[in-house]
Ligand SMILES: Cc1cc2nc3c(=O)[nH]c(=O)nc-3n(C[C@H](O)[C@H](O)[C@H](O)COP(=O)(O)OP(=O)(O)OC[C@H]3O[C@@H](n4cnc5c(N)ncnc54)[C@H](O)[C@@H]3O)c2cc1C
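Taking the form predicted on its own, here's one chain by itself in structure tokens.
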């Protein structure tokens, strides 16, 4: 099977690259194991202080709504983090003390939303908090296999009006309502409808993974990629590559068995340790598909910080690249292999971090490929 470009990894970086190349008339295939960092996506684009028109256009074409509102985001444990560009249903606040009184609501029996931590964090900002619950219709509860975010979201997309009615009855003199971010999995318009129907500021706060906004974003981007003619090989895994004279010729995957994927260009977008794009044992850190160079400390003791909550050095480890994002093998660039997204770790700080790193590096690799004849 031959394509212009084969992309290893179906997360944010891989999908942004795939959609961009398909729009430019290039044939692509994405190899994705399934779960990726988008399933844990906070909904905010770290290190992006502006809204690139290119990103806005690509996301709008996929039906992914963004908003830009410099401020802070309320985190699941009641702390705040600076944020500017986010998915539309992710609440960005002007400042930590955004209200006088807040009503914090969850579903009885739902353990992945930490109302006590939220109340403690908000009260440190001078916000009086009251914690309560909203219930699900009996018929909806019977349809829940387990009380997790995705299962709740499937139910709540059909029952959001019931939630609104309960919230309106529960409200006293609070000027803010805090809800778990478990709305809008299948219908992205639901969170905004809830905001319009409740007479107070509605703030959606993330839950324990998986992330409902992240999964919805992945589904919408994947659908857009396939509509554009891209080949999405889901539930597959790239095993090894054939490299000759500094050029990647093909990649073999688990499901295709002896039928290798051939291409003029390859993009490595497999993510970091979490996605198994980088692997380690007590002696080394390596990249498993192409065997390219990884930047990391030789001394095992330098990989981690004894302070549990401190920055961990290993999170900055990543694939080494040249200025054009070509992955290096024994110090030499593989001329048709580009590394993008979290697999870079902190090796390319000019591209930012998190989702910002994924988007910027993906666009940079696409530009390099499109310049090739």
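It should be emphasised that the depicted structure is a prediction, and the values quoted were computed from it without experimental measurement. Residue numbers count along the first chain shown, from 1.
Just so you know, the form predicted together with the named molecule exists too; it's not on screen, but the next bit is about it.
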Indicate whether the named molecule has at least one heavy atom within 4.5 Å of a heavy atom of residue 117 in the model of the complex.
no
Would residue 45 count as a contact of the named molecule in the model of the complex, using a 4.5 angstroms cut-off between non-hydrogen atoms?
yes
In the model of the complex, does residue 274 have a heavy atom within 4.5 Å of the named molecule?
yes
Within 4.5 Å, heavy atoms only: does residue 33 come near the named molecule in the model of the complex?
yes
In the model of the complex, the residue from 174, 237, 293, 112 with a non-hydrogen atom within 4.5 Å of the named molecule is 237
Using a 4.5 Å heavy atom cut-off, which stretch among 300-308, 62-70, 320-328, 335-343 contacts the named molecule in the model of the complex?
335-343
Using a 4.5 Å cut-off on heavy atoms, what residues in 348-372 are near the named molecule in the model of the complex?
354, 355, 358
